[in-house]
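Only one chain is included here, represented as structure tokens and corresponding to the form predicted alone.
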């Protein structure tokens, strides 16, 4: 069996599993699972660009996904007029002061390049003065904003634009932060990048949780607009009701399926576009250069390649893709929940997707995203079915049976471990290994 035929069979098998969920659990669940698989595949592509192309060990995908979610709030949420009147100018002034502090700090750092300790003292004084100015300007403004109807608002809101624009903005947010992190850490040993990305990821989540004026913190931002129709609007349409009746379905169920199909169409376009561009980049001279740097940095540098600049470039690109996926996830949820960003979901699982699919292969990253998210979600119902089958001979009130049924949720952790071990045992390079051209 050729590798191409094997790849087709694996994707066909994945489609069959999703169809099986549709027939067994309902198409509404199957389509929601499909949408989450697509978003996970895009995140896996972002990590694969960093690790598979250039060997950059970044564990900050959670923070970059959260920045994409933040873009959804800033772009699409309705502005809160009372909050802008109470402290909008103070926040703008604080942002301007921040930009000026950074610019002046960089200028002093470069200006005193040959001054030894004076360089550090001068830059430190600029940063310290800037910090107090920023807090003095933004502190009262933030307090005033958070006091404006805190139960329903308590934050500035957004720009009220179509949420689909946040997908681009989310990528730009993630790319900007990645550029800063990369400039600091990519010139050092590779393990420093992992430490830096982990730290910046936790800092981002901390800010999103506790800066209520920006994201409402743990109170969450709900009711974000959709790029697709609302179910209630479809149900209220006589034409849609007639169409649902003609296919033998009720309007409520048909509306839910149509909305999820619309999401799947939008998400699929983004996935195919990112996959297409990733494949072009991988097969180009730039892609060959990145793989050469990954395999032997010393030899590539001896051939005149700027390793640090190329690492920064690919790190920013991968982070931007993750940011786009984060904005898409917020769009699908219709809300922004900072507490939902957990390392298990947005770091560990994404890395497992890349490893299982095949590091360095874009198609493998997509397949890994589908496979891992599918089993992550379906492991619990499959585990419950298996426990019911095993304990069918026990009494209904058996303490052992009740304990096993109550532990069905943990089957997903066991399933992930089993899947990872099996694939690494029989396909150590992943389901679709990297092609050596």
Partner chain sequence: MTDLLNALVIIANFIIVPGLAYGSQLALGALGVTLVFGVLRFSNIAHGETMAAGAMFTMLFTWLLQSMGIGFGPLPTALLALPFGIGAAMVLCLATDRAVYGYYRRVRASPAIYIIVSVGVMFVYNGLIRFVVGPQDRVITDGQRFIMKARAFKQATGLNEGLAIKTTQAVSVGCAVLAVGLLFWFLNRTRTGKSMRAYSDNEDLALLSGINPERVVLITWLITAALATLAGTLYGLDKSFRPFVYMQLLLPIFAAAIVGGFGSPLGAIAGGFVIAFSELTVTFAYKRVLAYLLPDSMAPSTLVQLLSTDYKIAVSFAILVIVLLIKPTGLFGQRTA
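Residue numbers count along the first chain shown, from 1. Here the structure is a predicted model, which means the values were calculated and not measured. Rigid core here is just the name for the largest C-alpha set that superposes within 1.5 Å across the two forms.
The form predicted in complex with the partner chain is left out here; the points below concern that form.
At 4.5 Å between heavy atoms, only one of the stretches 279 to 287, 161 to 169, 304 to 312, 195 to 203 reaches the partner chain in the predicted bound form; which one is it?
Answer to the contact question: 195 to 203.
State the residue from 363, 240, 351, 263 whose non-hydrogen atoms include one within 4.5 Å of the partner chain in the predicted bound form.
By the 4.5 Å heavy-atom cutoff, the listed residue in contact is 351.
Considering the partner chain in the predicted bound form, which of 102, 235, 292, 188 comes within 4.5 Å of it through any heavy atom?
Result of the distance check: 188.
Residue 135: heavy atom within 4.5 Å of the partner chain in the predicted bound form?
Flag for residue 135 set to yes.
Does any part of residue 343 reach within 4.5 Å of the partner chain in the predicted bound form? Heavy atoms only, please.
Answer yes; at least one heavy atom of residue 343 falls within 4.5 Å of the partner chain in the predicted bound form.
Contact between residue 24 and the partner chain in the predicted bound form at 4.5 Å, heavy atoms?
No - in the predicted bound form, heavy atoms of residue 24 and the partner chain never come within 4.5 Å of each other.
Indicate whether the partner chain has at least one heavy atom within 4.5 Å of a heavy atom of residue 20 in the predicted bound form.
Close contact is absent here: in the predicted bound form, residue 20 is far from the partner chain, nothing within 4.5 Å, heavy atoms only.
Check each residue of 400 to 417 against the partner chain in the predicted bound form and list those with a heavy atom within 4.5 Å, in sequence order.
Sequence-ordered list: 403, 404, 407, 410, 411, 413, 414, 416, 417.
Can we say the CA of residue 417 moves by at least 2 Å between the shown form and the other one when the core is superposed?
True for residue 417: a C-alpha shift of 2 Å or more.
Please state whether residue 222 has a C-alpha shift of 2 Å or more between the shown form and the other one, with the rigid core used for the fit.
No; residue 222 is a residue whose C-alpha shifts by less than 2 Å between the shown form and the other one when the cores are overlaid.
On a core-based superposition, does residue 105 travel 2 Å or more at its Cα between the shown form and the other one?
Yes.
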